[in-house]
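Listed next as structure tokens is one chain, alone, in the form predicted on its own.
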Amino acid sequence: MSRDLDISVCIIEDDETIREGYAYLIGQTPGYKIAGSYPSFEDAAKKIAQDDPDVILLDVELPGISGIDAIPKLKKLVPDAFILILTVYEQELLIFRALGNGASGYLTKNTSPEKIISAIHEVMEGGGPMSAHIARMVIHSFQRNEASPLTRRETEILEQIATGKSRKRIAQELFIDLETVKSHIKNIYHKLNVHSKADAIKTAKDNKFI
């Protein structure tokens, strides 16, 4: 394959070891090349239009502008590039926000090197690659009771509570402040007509709201 026909990839990932690992993996794979590698969206924004990548591998938790919020900005800078999220985060709301903002796929960082390479190829062919666990979550969300009184954000927060996470941890992982989490929980209790965490989880599960 001619180098001119190689799929060019940009990486935006703040962890240097991970970033260099991806760059090495992709650069050593025939048919692929690294067009640019950046620790933040702000750094990428200066040069990515010149890089003109086919695919962008994007981390969610970046310093400064988060990966999720960077997606629409990247779409303006390089409208033809496909964006693949590669992250440790598996929260449903983040997945839907990423896809809603224009990401073409969502992979977790424990994805094998072979799968990352095949995902880049798949997205170039018009596919929407997702880790198996992520795909199951997306399907599960469509199978929920459509009559649920809870918003998507409330549903996700209640699911996080059901896994035993603290309010503080939920706030950190969803990039929202603690008061917002408390406000959502208050609304959940009100909508479900309950007064405790255990009752909220039970009611939601019994009615297939989560």
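Rigid core here is just the name for the largest C-alpha set that superposes within 1.5 Å across the two forms. One-based numbering along the sequence shown. Treat the numbers as computed from the prediction; the structure is a model and nothing was measured.
Omitted here: the form predicted together with a further copy of the same chain. The next part is about that form.
**Student:** Taking Ile18, Tyr38 and Val55 as the candidate spot, are all three within 4.5 angstroms of a further copy of the same chain in the predicted complex by heavy atoms?
**Tutor:** Not one of the three qualifies.
**Student:** Consider Met130 of the chain shown here, and say whether it contacts a further copy of the same chain in the predicted complex, taking contact as heavy atoms within 4.5 Å.
**Tutor:** Contact with a further copy of the same chain, yes.
**Student:** Is there any non-hydrogen atom of Ser66 lying within 4.5 Å of a further copy of the same chain in the predicted complex?
**Tutor:** Taking the distances in the predicted complex, the answer for Ser66 is no, it never comes within 4.5 Å of a further copy of the same chain.
**Student:** Is there a heavy atom of Ser104 lying 4.5 Å or less from a heavy atom of a further copy of the same chain in the predicted complex?
**Tutor:** Answer yes; at least one heavy atom of Ser104 falls within 4.5 Å of a further copy of the same chain in the predicted complex.
**Student:** State yes or no: in the predicted complex, is some non-hydrogen atom of Gln50 no more than 4.5 angstroms from a non-hydrogen atom of a further copy of the same chain?
**Tutor:** No, Gln50 sits far enough from a further copy of the same chain in the predicted complex that none of its heavy atoms falls within 4.5 Å.
**Student:** Could you run down 154-185 and flag each residue that has a heavy atom within 4.5 Å of a further copy of the same chain in the predicted complex?
**Tutor:** Heavy-atom contacts within 4.5 Å come from Ala162, Thr163, Gly164, Lys165, Arg169.
**Student:** Establish whether a shift of 2 Å or more occurs at the C-alpha of Ile170 between the shown form and the other one, with the two forms superposed on the rigid core.
**Tutor:** Shift of 2 Å or more: yes.
**Student:** For Ala200, state whether the C-alpha moves by 2 Å or more between the shown form and the other one after rigid core superposition.
**Tutor:** Shift of 2 Å or more: yes.
**Student:** Given a change of 3 Å or more, say if the Cα atoms of Ala135 and Gly164 sit closer or farther in the predicted complex than in this form.
**Tutor:** Compared with this form, Ala135 and Gly164 lie farther apart in the predicted complex.
**Student:** Given a change of 3 Å or more, say if the Cα atoms of Lys202 and Arg97 sit closer or farther in the predicted complex than in this form.
**Tutor:** Pair moves closer in the predicted complex.
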